[in-house]
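Given as structure tokens, the chain that follows is alone and in the form predicted alone.
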Amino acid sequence: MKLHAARRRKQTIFRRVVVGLLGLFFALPLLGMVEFTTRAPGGGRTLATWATLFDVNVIDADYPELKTGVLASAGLVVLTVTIMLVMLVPTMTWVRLRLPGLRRTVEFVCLLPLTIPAIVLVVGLAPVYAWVAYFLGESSLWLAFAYVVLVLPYAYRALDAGLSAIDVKTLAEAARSLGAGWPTVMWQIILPNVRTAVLSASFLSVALVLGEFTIANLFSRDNLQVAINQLNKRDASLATAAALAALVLAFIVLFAMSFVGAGRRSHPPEEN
């Protein structure tokens, strides 16, 4: 008994040390960014850079590329997550219900982007986006089509784990036997049971879209990371502050989404 307790204490200490070291590893660059953005030209500390960053009128007048990038990334987050969920959730559910033989094929197609470098994707997507620009215009929002391709492997794994944890066929057949249509089955039966997987796929999509630079830059489109890169050529301190603010914002968004999902799961079912 004492040996078991001592082993548990050692494991606890080991975990805390590892987590502490990892936390320090990730915190030091962030602290360096804070130090750089609060450094005054004549010595000392100042919040002038942060005041400029959060002054909407100054950003709108003097740094319009940053405003454009923020708005573009916000739109891309919403559009990418929506397209990804609308495309993957019904497809994966239908494959499990009616076409189980195609499961490996769908998995292969969804995981394929992991093996293709972003620069190669740009070369392959360039002719497609030439037609997209011709029919839909050159808005940065249409980068969502490319971003959906990028998030497919991560979103597929998250959703596949959620669907594997439930008996999709039994739930669907039970709902259909009670007269529910397929939209009702999908919206009221399947989605509530894979809410955690949907949130996980959304987390990964949000993180990827907010951090993506290569495709947007090579296609000469605007997003947050491209805007920060352009801003860095004019004001390195403000660009660093914008990058740190973007990291904090992404963390807050992901934390809020996970909190909403956890809050819904924590409510016990109502008794009749």
Partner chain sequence: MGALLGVLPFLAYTTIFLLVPTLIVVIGACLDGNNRLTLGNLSALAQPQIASAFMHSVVLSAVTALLGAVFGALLAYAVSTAREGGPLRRMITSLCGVLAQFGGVTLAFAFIATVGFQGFLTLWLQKIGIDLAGSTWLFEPDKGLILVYTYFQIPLMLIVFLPAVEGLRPQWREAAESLGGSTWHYWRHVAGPILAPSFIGAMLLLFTNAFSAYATAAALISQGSPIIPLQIGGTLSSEVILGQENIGKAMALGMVAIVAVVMTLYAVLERRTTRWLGR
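Residue numbers count along the first chain shown, from 1. Note that the coordinates shown come from a computational prediction; the quantities given were computed from them, not determined experimentally.
Form predicted in complex with the partner chain: not shown, discussed below.
- Proximity of A246 to the partner chain in the predicted bound form falls within the 4.5 Å heavy atom cutoff.
- Among residues of the shown chain, T49 is not one whose heavy atoms approach the partner chain to within 4.5 Å in the predicted bound form.
- Among heavy atoms of I59, none comes within 4.5 Å of the partner chain in the predicted bound form.
- None of the heavy atoms of L141 is located within 4.5 Å of the partner chain in the predicted bound form.
- The partner is absent here; in the predicted bound form, the one residue of V95, L199, A72, L159 having a heavy atom within 4.5 Å of the partner chain is V95.
- Of the residues given (A174, V78, M186, L125), L125 alone sits with a heavy atom within 4.5 Å of the partner chain in the predicted bound form.
- With the partner left out here, the partner chain still marks one of 163 to 171, 190 to 198, 177 to 185, 111 to 119 in the predicted bound form; by a 4.5 Å heavy atom cut-off that stretch is 111 to 119.
- Along 78 to 97, these residues reach a heavy atom to within 4.5 Å of the partner chain in the predicted bound form: I83, M87, L88, T91, W94, V95.
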